[in-house]
Each structure stands twice: as structure tokens, then as C-alpha cells.
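Presented below, as C-alpha cells, is a lone chain in the form predicted on its own.
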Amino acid sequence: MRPSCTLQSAVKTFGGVCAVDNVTLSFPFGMITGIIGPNGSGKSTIVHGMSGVVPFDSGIVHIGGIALPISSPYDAYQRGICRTFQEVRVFEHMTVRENLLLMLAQRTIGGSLCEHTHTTLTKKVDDALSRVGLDGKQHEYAEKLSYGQRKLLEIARILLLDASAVVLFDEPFAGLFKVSIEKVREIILELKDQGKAIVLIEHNMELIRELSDHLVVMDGGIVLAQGIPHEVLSLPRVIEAYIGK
């Protein structure tokens, strides 16, 4: 059996509403697991919990068979889990390069910004920007970027986190033009080839079919179905829940 990151018995409630109801899922390394479902189905709550942004009420994440409680984004980062956000989060009053240098220095913000003259760090940052198509934007403030460019900046952050074993993508293609979609698609496949466990939340069914090795359908906080993408998407209960009768 392929090694995996496993989410076991996860529960999360908001004001009496159970957003994630005792969910157990496995995310194999070297594979892309797509998660789809109607709005409010619990798919983003899964990603928020695994990344420590909104911790689960109960449940545990196992990586390589080791139980790893996650109660904060720092916990997730230390345990090799990184993510992108549906609503992009960047440091608007820093330059594009400074946003990425923060990912390379586990010290204070001021300390990391002092490293911008270091040739090795600068080259690593600029290489990541080139891969996502933001070369030439190094010195622009993040607040000046378009929505799509901010998404690409988040993807560049992921490229700098070499130690991450699990990468959670929350709608990474939203707001991107065709050329940028292709760049991000290639990056996700590269991360898969590197042996990382990829979790992909996406509404574009064409991309879900193409990229996902395994597909999970959420509805009402539970797993409605999972398996081979084309088989899962043909199930009547999935069509009814996700597309409507």
C-alpha cells in the first residue's frame, strides 16, 4: 500500500452546524486527491483543519503512520503541511520578493528582509517567480498585483517550501488566464512527481478529471463518494448533489 497522509475521525462544528462530521480520508504520497462538493459541503473546512487555520474540534492527522496533532498554522508547517488559500493572503505592503523571502528565513520579519542581498536566497526567490510567470515583478508591492497575480505569488510560496510533504490547494486556478492555468497545472504535476501528497479543491471539472488520481465528493459534512474520478462523477447521487436533478 502506498504511504499516505491520513485524516482520521475529523469533526468540526460552527454554531451547532456540523461542517465536518466524523470524516476519515487518506491522501497518498505521489498522488493528487481531488475534493469537490456543493458550497457548504465541508471541503474547505477539511483544508482549514489540516492546515491549522481553523482547527478541528476532534480528529487527528497521521503522516507516515505518525499521529500529529495540529492546532495552528505553525504546527502544520512544522509537520510538513503547506497550503494556498481560496481568498489570497499576501503581505500587501511588502514587495513581491519580500513576500517570498519571508518563506526562506525562520526568524523575525525584519531579519528575513535583511537577507534580500544574499545571492543564493535572491536567486531561489527569482527562480520561483520565473516559474509562475511573475519574473519582472520582484520589486512591485503586492498590493499592486491583480487577483490572478496574487494567486501566482501564493503558488511561488509553495515552490519554496521544499520540506513540505503535503500540499493543500484551495481553488488554485480561480481567476487565472489560460497561460497561468497551464503554469500552475505543470507545477502541481511536478509536486506530485516529487512524491508529495496533493489535495486539490477545484470547481473546474475538466481540471479535476485531468489531474485527480482519486476523487472525494463531500456533501453536508460527510463523504458522499470517493474513488476513480470518472466513475465517481457518473454516480447518480453525486450528479444530484453536485449538479442537481
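Sequential numbering from 1, following the sequence displayed. Here the structure is a predicted model, which means the values were calculated and not measured.
Note that the form predicted together with a small molecule isn't included here; everything after this is about it.
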{"property": "Location of the small molecule contact in the predicted complex, chosen stretch of 60 to 68, 44 to 52, 172 to 180, 187 to 195 [non-hydrogen atom, 4.5 Å]", "result": "44 to 52"}
{"property": "Partner contact for Ile228 in the predicted complex: the small molecule, 4.5 angstroms, heavy atom", "result": "no"}
{"property": "4.5 angstroms heavy atom contact with the small molecule in the predicted complex for Leu233", "result": "no"}
{"property": "Pro28 within 4.5 Å of the small molecule in the predicted complex, heavy atoms", "result": "no"}
{"property": "Contact label in the predicted complex: Thr95 to the small molecule, heavy atom within 4.5 Å", "result": "no"}
{"property": "Residue (of Gln138, Gln86, Gln78, Thr122) lying close to the small molecule in the predicted complex, criterion heavy atoms within 4.5 Å", "result": "Gln86"}
